[in-house]
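One chain comes next, on its own, written as structure tokens: the form predicted alone.
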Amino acid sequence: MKVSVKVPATIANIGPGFDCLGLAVPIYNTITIEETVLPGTGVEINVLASEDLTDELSLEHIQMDENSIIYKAVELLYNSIGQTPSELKITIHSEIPIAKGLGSSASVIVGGLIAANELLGHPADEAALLSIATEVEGHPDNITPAIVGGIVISSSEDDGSIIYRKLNWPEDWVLTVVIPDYELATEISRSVLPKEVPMKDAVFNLQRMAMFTTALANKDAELMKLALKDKLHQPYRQKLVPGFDKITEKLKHEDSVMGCVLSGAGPSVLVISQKNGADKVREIIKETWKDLDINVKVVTLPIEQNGAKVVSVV
């Protein structure tokens, strides 16, 4: 039996929502798991990159054995029902750039879990899949939208369960994603964060999260311009992303732009704007990074409202 699962890319944090906000976008990885019939072959993991990713895909980020995050997720699912994985062939068709802040690791974890769950006859419900995937990833902000789609606020509880709610996104607000041609490993981006933050900074972010959910509910673009500010992670990480300060400075003069934030841990950047201002946003971004001699891919996208789905069972 062979199962293929298509999983969207995800963007976490979105300014003030450190480790709790995430959204899905229409860039995808497809994960295929096949039970092989040759005993003793163990696990085989292959990565097939789309042509435009071939040069930038660094395979050292993906372990090709039982230590791989995708195999760990599959093993946890099997173990949860008292089984161990049989010989498996796992293929990752990669369109989500690696180490760019677009949830590539979450996508393979989620895709592997859902494919394995299909192979096993659906022993795990959504709650179990969320819990297992978050245990492997470490936090639910990318995992949750990868599974359920849309923009999601989520929390990992002490018992391992994940609480989430999907939020409504205004149709005339769009996402412009800027993907530079250099990588920034999450481990490096996390290493610059302080172990403790001042109380005033924590309060600042609580205020911004309240503004964020209110701005979405009321489609209030002016409030969203205030809500996308952050003091918990971006002040420490933005120095790892050349050009972020200049882009933010130039875009703040555009009325259609609500904010410019890091995509996850970076180095990709997310700009939220009115749909009618997207062309100008892309023009400003391209000019700014061209001046810095940094190659970037700039795409304007809607939110992907659907999460991971099984696309083939053979």
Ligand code: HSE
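We number the residues from 1 along the sequence you see. This structure is a prediction, so every number in the text was calculated from the model and none was measured.
What comes next is about the form predicted in complex with the named molecule, which is not displayed.
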Q.
Based on heavy atom distances of 4.5 Å or less, which listed stretch (139-147, 111-119, 194-202, 79-87) is in contact with the named molecule in the model of the complex?
A. 139-147
(Q) Considering non-hydrogen atoms and a 4.5 Å limit, which listed residue (238, 91, 131, 186) is close to the named molecule in the model of the complex? (A) 186
Q: Report yes if any heavy atom of residue 19 sits within 4.5 Å of a heavy atom of the named molecule in the model of the complex; otherwise report no.
A: yes
Q.
Within 4.5 Å, heavy atoms only: does residue 12 come near the named molecule in the model of the complex?
A. yes
Q: Tell me, yes or no, whether residue 190 is in contact with the named molecule in the model of the complex, where a contact means a heavy atom of each within 4.5 Å.
A: yes
Q) residue 281: heavy atom within 4.5 Å of the named molecule in the model of the complex? A) no
(Q) Suppose contact means any heavy atom within 4.5 Å; which members of 243-272 contact the named molecule in the model of the complex? (A) 264, 265
